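The form predicted alone is given below as one chain in structure tokens.
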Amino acid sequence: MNPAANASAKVKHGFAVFQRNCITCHTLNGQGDAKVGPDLNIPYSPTEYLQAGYLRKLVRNPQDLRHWPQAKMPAFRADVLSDADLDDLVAYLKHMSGRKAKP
């Protein structure tokens, strides 16, 4: 889950944002104990099938992108997750999409 040592500062900060906000519910590359949400890299990272704007919308309020009454993901408003933090999180997910764990 940890990005390479030579990753950009943005990516490294995005990893910290992931640890603070996402790891409770999501795994990445099968690492972690979370069972609520899907893995965010296997088989695909959301950066591979969602344009960045839609991914940001999904994080800000999942129900704005796809209404699903049973959804459990909370909205991450800007007072909880700043725009800069969200940008870095997306950078981290994009970085990790090229570093998938082998099955």
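Note that residue numbering follows the sequence shown and begins at 1. The shown structure was predicted, so the numbers you read here are calculated from the model rather than taken from an experiment.
Just so you know, the form predicted together with ligand HEC exists too; it's not on screen, but the next bit is about it.
- Ligand HEC is not drawn, but in the predicted complex it has no heavy atom within 4.5 Å of V11.
- Mapping the unseen interface onto this chain, P46 counts among the residues with a heavy atom inside 4.5 Å of ligand HEC in the predicted complex.
- Under a 4.5 angstroms non-hydrogen atom cutoff, ligand HEC in the predicted complex has A71 among its neighbouring residues.
- At a distance threshold of 4.5 angstroms between non-hydrogen atoms, A91 is out of contact with ligand HEC in the predicted complex.
- At a distance of at most 4.5 angstroms from ligand HEC in the predicted complex, none of the three residues P3, F15 and A84 contributes a non-hydrogen atom.
- Residues N21, C22, T24, C25, H26 are the ones in 10-30 with at least one heavy atom within 4.5 Å of ligand HEC in the predicted complex, listed in sequence order.
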